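First, one chain by itself: the form predicted on its own, in structure tokens.
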Amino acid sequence: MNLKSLKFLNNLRKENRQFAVIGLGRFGRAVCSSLHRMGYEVLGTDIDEKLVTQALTQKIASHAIQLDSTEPESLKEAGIFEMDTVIVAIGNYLQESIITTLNVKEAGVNYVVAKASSEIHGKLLQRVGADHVVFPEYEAGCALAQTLTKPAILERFELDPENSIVEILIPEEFHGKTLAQLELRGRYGVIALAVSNGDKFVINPDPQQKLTQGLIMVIIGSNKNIQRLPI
């Protein structure tokens, strides 16, 4: 799991500087490692001493400690209630996940992200105060399906569940045609933000610019309309 698969990280407020990640399984380690590489202060915790030791050995967090996150006093002593953002990465233990999320929200943590393993789990996390719920397995499955069915989509940045900015390879159907001729907005309901000329991107391209198959263009639109493109 890499940074590109952790889409929720893109939505974290830029003023946040201190993070706690509770649960150092595969997802939690990926979050810790990504945030740490981005230069943020990250505290990783887990009830399993081996996972804590592994995090310290691999240097994927600024600090890592063993604690039981269902005990509010342990969280308080670790300073987790003082963090800007807490990520509850306990996805496979429903009770522990919900209790931990409740503990940090009741203590006044401003922004809490929680991993859910099912739709019901996600609804329960929202009920106890999670500000944002993520479904890593579901999101990874959707991303794989997109890659297999739309290989011309090189990158995707989701603005929200319904709209995205995508980087695509210009298809054969667009080769030699201008943006004006293609009428992307009228025919497909999307807008071209940038077009590659081989060496660099041209932002807000001229409507009379001709496109070349195999080069790259950046499109914004609804996911439904993007799917309509001949790619």
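We number the residues from 1 along the sequence you see. No experiment lies behind these values; they were computed from the predicted model shown.
Keep in mind that the form predicted together with a small molecule is missing from the display, and what follows is about it.
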{"property": "One stretch from 92-100, 79-87, 106-114, 152-160 that, in the predicted complex, holds residues within 4.5 Å of the small molecule by heavy atom", "result": "92-100"}
{"property": "Contact label in the predicted complex: L56 to the small molecule, heavy atom within 4.5 Å", "result": "no"}
{"property": "Partner proximity in the predicted complex: F27 to the small molecule, non-hydrogen atom cutoff 4.5 Å", "result": "yes"}
{"property": "Contact flag, T70 vs the small molecule in the predicted complex, heavy atom cut 4.5 Å", "result": "yes"}
{"property": "Proximity of I168 to the small molecule in the predicted complex, heavy atoms at 4.5 Å", "result": "no"}
{"property": "Option touching the small molecule, based on a heavy atom within 4.5 Å in the predicted complex, out of D48, E183, E173, E41", "result": "D48"}
